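Have a look below at one chain only, the form predicted alone, in structure tokens format.
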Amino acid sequence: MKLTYNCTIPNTFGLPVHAACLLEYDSAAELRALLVDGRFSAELPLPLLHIGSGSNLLFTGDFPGTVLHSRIGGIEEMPFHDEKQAVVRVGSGVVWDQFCLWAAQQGYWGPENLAAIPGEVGAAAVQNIGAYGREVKDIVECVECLDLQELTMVTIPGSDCGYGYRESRFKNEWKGRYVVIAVQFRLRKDEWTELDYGHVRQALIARYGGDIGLSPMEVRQVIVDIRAGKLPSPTEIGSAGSFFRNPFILPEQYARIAAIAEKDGLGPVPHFMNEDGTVKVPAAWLIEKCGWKGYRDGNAGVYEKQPLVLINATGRATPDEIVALKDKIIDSVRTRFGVLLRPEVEII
């Protein structure tokens, strides 16, 4: 366990924000001991905030309380025997892409489309991360948590986590109650691909000459290459990845957007029909058509290759600059297309 006072909060935006205290723990037992002997209220500044690697957060200023961070590692196969499936238990502090790489190396299918997403395993299960037609909910078997109210360990089936588009019960009614300790994933040994999102299939054909008889490692590598070509590395340019959610709108709203696009010569509007009858329109398209791609405003900006990504363009951006840019983008999309964008990033 490591306890640091008055320290910089880890965040991939690279913003100069500080916490009164940062507590990093290596096991559920360490965290439970702090709760059992009451030292949370006696020694650690309140409120408490649990984060992963800070890859999906925008701090609007210094945090007056204690930031908790898991350093629980480990990847182990569970005693589950099946010709087509494997169950793997992963510590909440494991870097997500390290797990994706491990699974591909073992020849297991499931997380390859989610390769290279920044963050850690615990946060992935809370956020229900997704990319290229797959979400983490598709492979979560169960989530092992420390219940901060009962001071007991609980195992919650993935089907009970209330997963939706970038949503889970951990982000809503369970927020502040459970701390994710480990996640069990059900992976496939037989080929299980999702290739018809974006240009994944075309990229596979261009690289390997076909999309049949592929390995998880080959699909993973194509996904990594696609992401590298359109998203900045947080180690080079500060960002929180995709800042906005893709909006789900009613068919009549989509018809109005299509009419605006035709009138203004914007070309066809990309869209995807959802099972509930709503229409998903890429937020990136809406933002780009409002003229934001590559925009700079002081030290903040919009990434030139992907308008979904707000960036710390100079490395000296303040939280206020990022927030102001976010608000301007939301206002312009609402004014032109009548769509209210919602941040995917958690704003604190």
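In case it trips you up, residue 1 is the first one in the sequence shown, and so on. Being a predicted model, the structure only gives us computed values, none of them experimental.
The protein also exists as the form predicted together with a small molecule; that form is not presented, and the subsequent description refers to it.
Contact between residue 122 and the small molecule in the predicted bound form is found at the 4.5 Å heavy atom cutoff. Taking non-hydrogen atoms only, residue 178 approaches the small molecule to within 4.5 angstroms in the predicted bound form. For residue 129, a non-hydrogen atom is located within 4.5 Å of the small molecule in the predicted bound form, even though that partner is not displayed.
The closest heavy atom approach of residue 234 to the small molecule in the predicted bound form falls within 4.5 Å.
Proximity to the small molecule in the predicted bound form, defined as a heavy atom within 4.5 Å, holds among 306, 66, 55, 312 only for 55. With the small molecule left out of view, the stretch that reaches within 4.5 Å of it through heavy atoms in the predicted bound form is, among 316-324, 45-53, 292-300, 276-284, 45-53.
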